[in-house]
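Have a look below at one chain only, the form predicted alone, in C-alpha cells format.
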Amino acid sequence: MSSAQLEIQLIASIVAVACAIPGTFLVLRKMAMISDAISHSILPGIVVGFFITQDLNSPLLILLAALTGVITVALVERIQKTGLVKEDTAIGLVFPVLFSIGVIMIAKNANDVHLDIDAVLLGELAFAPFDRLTVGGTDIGPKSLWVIGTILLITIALLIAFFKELKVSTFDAGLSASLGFSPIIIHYGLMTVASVTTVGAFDAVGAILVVALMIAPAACAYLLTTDLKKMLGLAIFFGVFSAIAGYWVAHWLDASIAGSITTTLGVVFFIIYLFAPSKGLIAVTYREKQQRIEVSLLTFLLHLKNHSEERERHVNHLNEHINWQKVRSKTVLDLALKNNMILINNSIVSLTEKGDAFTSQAINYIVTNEDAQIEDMKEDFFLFRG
C-alpha cells in the first residue's frame, strides 16, 4: 500500500468521524435533510470569502461558509414558523436559491479561478494527497488532513464539554430550558459545527459524500440502539468502515472513490434496515404477524369466555361461524394449547384455569381501559408468542 493510498483512507476516515458526530444529533432531532441544505447553500459564503481574500486556502472561507450554513438554518426555520409550509418544503425553497446564487457568482466573477462546481458537489479524494501543506519548507502532509483533523478535534472537545446539554435539549427542549440550557443556543451551536464540518470536508470529498457520511452512519446506528453514547460509537464505526471499504471497492472497480463510499454506505444501511434485531424490516414484519395472531387468540378466548354452549365451542366453529381459514384456526389453537390456555376434548374447546384468568384480566383491561399495558399482561401469561 502506497503512502497516497494510506493518506486517502485516513482522510476519508477522519471525515467520516467528524461527520458522524453532528450527524447523530441531526438524525435524532429529525433534521437529516438540513445537512443537504447546508452542504449546498454554503457555496455563496465560499465565493464571498474568496472575493475578500483572493485565496482559496484562507480560513475566512470556512468561517463565511459556516455563517452561510447558519443563515440557511435560520431562513428554513423562519419560513417554517409561518405555518404556511412544512420543514421539507422550506428546505427545498431555501437551499436551491442560495446554491444558485453561488453558481451565478462563480460564473460571472470567478471563471478563471479553480472553483469548480462539479468538484464542490462530487469531490475527488484521489487528488487530496497532492494538495500538501508545507511549514518552513517542510511537507507535513495533505492540507485536507490537517483541516478536517483540526475540525474533528474541536468537535470532540465541544461534544465532551456540552454532551449533557446536547443530550437534554435533543430529547426534551422544555426540560433543557428549565435547567438553564438555552435550546436555541445549543441548536445553533450544533448547526454551526455541522456547517464548519461540511465546509472543511467537501473540499476533499464533495458535498454529496459529506451528506452521506453525516446521515447514513447515524441512521444505521439509530436502527440498532437507543443509547446515545452507543449510537455515537456505532455511527463512527459504520462511517469509518464504509470509508475504508468504499475506497477498496473504488480501487477494485477503478471508479469514483466518493461514489463507492456512498454506495457502500447505502449497502450497509440496507442490510441493517432488513436485519436490525428490533427495528429492522424483518423483525417488524414478524412482530406485526405475531401481534395479529395474538389478537386472534384473545378474540377466541373471549368468545369461549362468553359462550357455554358446546356448539359455540366446537373446533369447527372457528371455520363455520368466526369465518377463519383452517390455517389461521390451527395457528390460534396451537398457540392456545402451547400456552396452556385451553383444553380440547372430543373437539370441544374449554378454557383452562390459566386461560380463564388471562381472559378475565383482558376483559377488565378492555372495560376499565386502565393505564396498565396489555402487552405487559401477555408477558406474564405467554411462554410462547405467536
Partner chain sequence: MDDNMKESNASTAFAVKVDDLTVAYNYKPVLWDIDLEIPEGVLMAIVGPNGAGKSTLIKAILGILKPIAGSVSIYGKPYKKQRSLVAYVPQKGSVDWDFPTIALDVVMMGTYGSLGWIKRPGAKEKKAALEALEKVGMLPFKNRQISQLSGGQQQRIFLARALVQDASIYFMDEPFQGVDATTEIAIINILKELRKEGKTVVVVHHDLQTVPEYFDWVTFLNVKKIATGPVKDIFNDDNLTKTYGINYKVSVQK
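Positions refer to the first chain, counted from 1. Keep in mind that this is a model prediction, so the values were computed, not measured.
There is also a form predicted together with its partner chain; it is not shown, and the following applies to it.
Colleague: Among Phe162, Gly174 and Ile186, does every residue place a heavy atom within 4.5 Å of its partner chain in the predicted complex?
Modeller: Looking in the predicted complex, the three residues Phe162, Gly174 and Ile186 all sit within 4.5 Å of its partner chain (heavy atoms).
Colleague: So, in the predicted complex, is Glu310 in contact with its partner chain at a 4.5 angstroms heavy atom limit?
Modeller: Heavy-atom contact with its partner chain at 4.5 Å: absent for Glu310.
Colleague: Thr89: heavy atom within 4.5 Å of its partner chain in the predicted complex?
Modeller: Contact with its partner chain, no.
Colleague: Using the partner position in the predicted complex, report whether Glu288 sits within 4.5 Å of its partner chain, counting heavy atoms only.
Modeller: Glu288: no, not in contact with its partner chain in the predicted complex.
Colleague: Do Val70 and its partner chain share at least one heavy atom pair within 4.5 Å in the predicted complex?
Modeller: Taking the distances in the predicted complex, the answer for Val70 is no, it never comes within 4.5 Å of its partner chain.
Colleague: The chain here is shown without its partner chain. Which stretch in 134-142, 225-233, 205-213, 242-250 comes within 4.5 angstroms of it in the predicted complex, by heavy atom distance?
Modeller: Of the options, only 225-233 has residues within 4.5 Å of the partner.
Colleague: Though its partner chain is not shown, can you say which of Leu152, Ile79, Val168, Val268 has a heavy atom within 4.5 Å of it in the predicted complex?
Modeller: Exactly one listed residue reaches within 4.5 Å, namely Val168.
Colleague: Since exactly one of Ser182, Thr299, Asn306, Asn316 fits, which has a heavy atom within 4.5 Å of its partner chain in the predicted complex?
Modeller: Only one listed residue qualifies here, and that residue is Ser182.
Colleague: Which residues within 15-45 place at least one heavy atom within 4.5 Å of its partner chain in the predicted complex?
Modeller: Leu28, Lys30, in sequence order.
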